[in-house]
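The chain below stands alone, shown as structure tokens; this is the form predicted alone.
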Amino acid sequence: MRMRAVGLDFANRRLGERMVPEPPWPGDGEVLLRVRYVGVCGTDRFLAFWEFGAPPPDSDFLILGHEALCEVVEAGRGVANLAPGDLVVPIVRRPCQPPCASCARGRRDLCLTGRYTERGIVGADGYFTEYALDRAEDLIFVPAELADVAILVEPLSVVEKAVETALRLHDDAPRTALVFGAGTIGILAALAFRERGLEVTVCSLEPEDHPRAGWLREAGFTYEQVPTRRTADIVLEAAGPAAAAFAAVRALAPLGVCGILGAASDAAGDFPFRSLLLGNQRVFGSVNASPDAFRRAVEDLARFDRRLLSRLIRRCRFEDYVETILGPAQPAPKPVHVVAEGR
């Protein structure tokens, strides 16, 4: 049997659809999944413009889709924590083999060798297809009541790691947070900081009358169009341009901590070393997420403003991938392809 899949043809450098074999029945420790939803993000767009990524070994086709919500079809022998009908979110990164020190201690997100694989990104197929096979230890259980927003677990896991790092690095009790970027990551970061008691401002390029600015204000956040003169105890860059990263560092208050999540280029710029030293400030970069960060994402998602979460999502048909991956941005920043509705 064969199934539809959306991915990248590396031989012809083309985004397209292909019929691929269905996965086999699960073996020991494995789980057969029916894919319900697949999310699209900036990583998929970079992949489709051939900026990075690689297909599985001995293949010229990479199935896209690293953000997914799946339903368990069948659990193999030895899988005691999952049953048919359960909803799960897959962890994107898989440890290097043999495992480095970080991967061996369960922190695949901190892999030291760079020989990891990432489903739908490098070395392993993703979930923009009908069925998938996974190891049980690479799946995070999601309560059924979160099904409508659970596609946000993967991007939120990236935020959870960065927020935890920023709070751990700050030498006092931070009270204010400034988030650069009003995309999915930026809005989720604003929600995560508020959940931890910080006063949050979101700063982005969208004009004051943009729908996202209105959604944020309605949800109780302060929104400002860049540039901003604000400073904050914790600043998180989730915008993309290198200029946003430089602006984020300059917005640090004394003892401030700045996390860089979205800077997509190595463009040169001025860096305030004197302020960094005299202000006892810290800057860190963060990518990917640990299994614990995925679990925290599920817990936080249940507490967040559901109306704002729902506004982030734009549901699309399976076949609309050219528009969502290569087309212009829309007010709702998270395109979500419906692969199979719940049964």
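Start at 1 with the first residue shown and count on from there. Keep in mind the model is a prediction, meaning the values are calculated, not measured.
Just so you know, the form predicted in complex with a small molecule exists too; it's not on screen, but the next bit is about it.
Asker: State yes or no: in the model of the complex, is some non-hydrogen atom of Cys41 no more than 4.5 angstroms from a non-hydrogen atom of the small molecule?
Answerer: Flag for Cys41 set to yes.
Asker: Even though the small molecule is not shown here, does Val287 get within 4.5 Å of it in the model of the complex, heavy atoms only?
Answerer: Within the cut-off, so yes.
Asker: Give a yes/no on whether Val158 approaches the small molecule to within 4.5 Å in the model of the complex, heavy atoms considered.
Answerer: Yes - in the model of the complex, heavy atoms of Val158 and the small molecule come within 4.5 Å of each other.
Asker: In the model of the complex, does Ile121 come within 4.5 Å of the small molecule, counting heavy atoms only?
Answerer: Yes, Ile121 sits close enough to the small molecule in the model of the complex that at least one of its heavy atoms falls within 4.5 Å.
Asker: Counting only non-hydrogen atoms, which stretch in 86-94, 248-256, 189-197, 173-181 is within 4.5 Å of the small molecule in the model of the complex?
Answerer: It is the stretch 86-94.
Asker: Can you pick out, from Glu71, Asp233, Glu154, Asp138, the residue that has a heavy atom within 4.5 Å of the small molecule in the model of the complex?
Answerer: In short, Glu154.
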